[in-house]
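One chain comes next, on its own, written as structure tokens: the form predicted alone.
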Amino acid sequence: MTIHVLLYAAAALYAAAFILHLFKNGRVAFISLCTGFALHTVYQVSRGWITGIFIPNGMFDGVFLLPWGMALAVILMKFLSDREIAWESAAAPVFLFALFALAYPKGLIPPTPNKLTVWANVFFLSEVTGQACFYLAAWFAAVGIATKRESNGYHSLIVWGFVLYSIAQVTGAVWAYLGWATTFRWGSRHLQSAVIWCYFAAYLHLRFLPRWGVREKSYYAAVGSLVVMMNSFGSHLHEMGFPRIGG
């Protein structure tokens, strides 16, 4: 049995959580989501040993870390938010991203010397968890639009996502300086990251525009998922053909 069985089991539990949510069994759905997250956590830690020796980079591969970060955000919102929201409904997008991870090459791209610094791992952790919050915000904004419910918790997810993504810009700059002697490069990767940051920075300033009401902000937040996807998934698709070790 390989460690990847854990990922398959976690994805199945995420799917079960959403199905249970559809059948109005929110408590059991949340338990299923938490169980899937626990298995997913074990899987992420196990990826550090995927090459036979411990290399932490394997734990922070964005494709596998994204659904984990989304599940973590849902669990935290469930416990910390005072809003009566069916947070477990977000098991749907969590499962979809986990499904993509199942189809993605499981091995580790051999790390370059630039990638062995701890700043690289901190960057990926903060960047991916920030993106996780943005995707979840888009989900709950879309749910609010569909159900005509104004207050659905997406705003706090965007705020936390923006904080995490801002941390990623700083840690990424440090990593870039250590690896390439510059904090910013006019390359697609840096520019795409800047696009995402600017998009959600603009959202936080919409309150200064009187014509932007709750519904308009919901549409803006929902479209944010497309902005994040267009500026992040391209690199994942490009890397699918890279040679890998350990999987």
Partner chain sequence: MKRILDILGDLRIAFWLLLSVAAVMWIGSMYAAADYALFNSMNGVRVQDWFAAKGMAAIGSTWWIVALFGIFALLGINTAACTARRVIALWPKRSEMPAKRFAVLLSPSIIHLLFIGMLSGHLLSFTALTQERAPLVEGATLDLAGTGAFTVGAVRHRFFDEKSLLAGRIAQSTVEVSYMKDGVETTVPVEFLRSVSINGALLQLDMEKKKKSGKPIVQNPADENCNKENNYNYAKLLEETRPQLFIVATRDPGLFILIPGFALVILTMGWYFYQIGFGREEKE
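Numbering follows the first chain given and starts at 1. Remember, predicted model here, so these are calculated numbers, not experimental data.
Absent from the display: the form predicted together with its partner chain. The rest refers to it.
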*Would Thr183 show up as a contact with its partner chain in the predicted complex if we use heavy atoms at 4.5 Å?*
yes
*Is there any non-hydrogen atom of Ala146 lying within 4.5 Å of its partner chain in the predicted complex?*
no
_Just checking whether Gly26 would be counted as a contact of its partner chain in the predicted complex - the rule being heavy atoms within 4.5 angstroms._
no
_Is Val45 part of the interface with its partner chain in the predicted complex - any heavy atom within 4.5 Å?_
no
*109-117, 67-75, 133-141, 92-100: which one contacts its partner chain in the predicted complex at 4.5 Å, heavy atom to heavy atom?*
109-117
*Across 156-182, which residues bring a heavy atom to within 4.5 Å of its partner chain in the predicted complex?*
Ser156, Val159, Trp160, Phe162, Val163, Ser166, Ile167, Val170, Ala173, Trp175, Tyr177, Leu178, Gly179, Trp180, Ala181, Thr182
